[in-house]
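Presented below, as structure tokens, is a lone chain in the form predicted alone.
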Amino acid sequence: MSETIFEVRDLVKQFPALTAVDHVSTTINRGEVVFVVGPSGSGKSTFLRCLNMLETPTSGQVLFKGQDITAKELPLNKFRQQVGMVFQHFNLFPHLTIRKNITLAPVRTHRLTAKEANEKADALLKRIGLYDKRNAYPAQLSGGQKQRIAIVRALAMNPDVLLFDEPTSALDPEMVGEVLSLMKELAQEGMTMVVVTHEIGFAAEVADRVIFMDHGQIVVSGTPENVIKNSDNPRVRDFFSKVL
């Protein structure tokens, strides 16, 4: 039995004008690569942001390794050290060098000494072929380079899980491949990942499980083969016929 990283119970997130997440329940296990897909406005990103409490659920529970993170008394900073987040627009600190962007959180949270953090940053930068950019600033990098830096910045904290919110949607098409190849490497190494994306072909290739959302609900969840290629749900079939 693999360890459950996230257990989502009857999750609801309401905004004044809409219910973005509507009674969603699911689990994500250690080592699992889960892609969340569906039309724009279906609640995918809001669901993802509820997993690390960037959005506070209206009702329901999110359990992280058995602990209810929606409980008011939980120290969220401690929890977030274990959950890496990669954003659509990179969210790098523009006034810090690339190496400093990577080392800031591990040092601030006392997970690593400054020396250890620098060594880890250098190793990660060498891995993605950007060691020569360690003293550059984000404005000097391409979009694909920035997103790969954002991913290794999250990895520097040794997280239990990585959350990706449409990591390639802000990139020029020719830069998408370099980000997807790094994500594929991480998946093959057993990193637990939850990915909100419109890259359906990539989801079909890499995902262990695909969740299709529409109108804030999980319509279907299963293997890429069953969801993307062979779903008997007409809404799901119609969506993939238009995007594939």
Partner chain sequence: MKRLLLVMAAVMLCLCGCKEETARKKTLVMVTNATFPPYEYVDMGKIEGIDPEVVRRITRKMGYELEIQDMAFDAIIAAVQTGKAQIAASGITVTEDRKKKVLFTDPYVVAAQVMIVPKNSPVKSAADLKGKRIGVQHGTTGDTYVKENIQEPQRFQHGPDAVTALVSGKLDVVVIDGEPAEAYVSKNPQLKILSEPLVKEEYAFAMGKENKELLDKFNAELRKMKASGELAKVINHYRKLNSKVKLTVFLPPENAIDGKYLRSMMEQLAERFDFRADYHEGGQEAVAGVIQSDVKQIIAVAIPLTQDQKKLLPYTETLILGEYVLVVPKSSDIKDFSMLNGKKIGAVKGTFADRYIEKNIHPAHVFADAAEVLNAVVSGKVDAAVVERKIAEVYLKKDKNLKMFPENFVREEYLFLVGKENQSLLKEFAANMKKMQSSGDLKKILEQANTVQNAKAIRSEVKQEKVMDEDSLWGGIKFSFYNNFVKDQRYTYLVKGFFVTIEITVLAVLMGIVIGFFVAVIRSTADLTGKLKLLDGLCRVYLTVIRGTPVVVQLLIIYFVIFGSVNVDKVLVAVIAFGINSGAYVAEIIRGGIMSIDKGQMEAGQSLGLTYWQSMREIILPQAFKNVLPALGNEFIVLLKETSVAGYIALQDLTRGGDIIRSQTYDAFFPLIAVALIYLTVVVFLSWLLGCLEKRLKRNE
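Positions refer to the first chain, counted from 1. Since the structure is predicted, the reported quantities are computational estimates derived from the model, not experimental observations.
Beyond what is shown, the protein has a form predicted in complex with its partner chain; the following relates to that form.
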Response to the item:
Counting only non-hydrogen atoms, the one stretch of 166-174, 125-133, 92-100, 112-120 within 4.5 angstroms of its partner chain in the model of the complex is 92-100
Discussion item. Taking its partner chain as it sits in the model of the complex, is R108 near enough to touch it, meaning that at least one heavy atom pair lies within 4.5 angstroms?
Written reply: yes
Practice prompt. Would you please decide whether R49 lies within 4.5 angstroms of its partner chain in the model of the complex, comparing each non-hydrogen atom pair?
Written response: yes
Worksheet item: With the cut-off set at 4.5 Å between non-hydrogen atoms, does Q145 touch its partner chain in the model of the complex?
Response: no
Worksheet item: L74: heavy atom within 4.5 Å of its partner chain in the model of the complex?
Response: no
Discussion item. At 4.5 Å, heavy atom to heavy atom, what parts of 187-225 sit next to its partner chain in the model of the complex? List them in sequence order, or say none.
Written reply: none
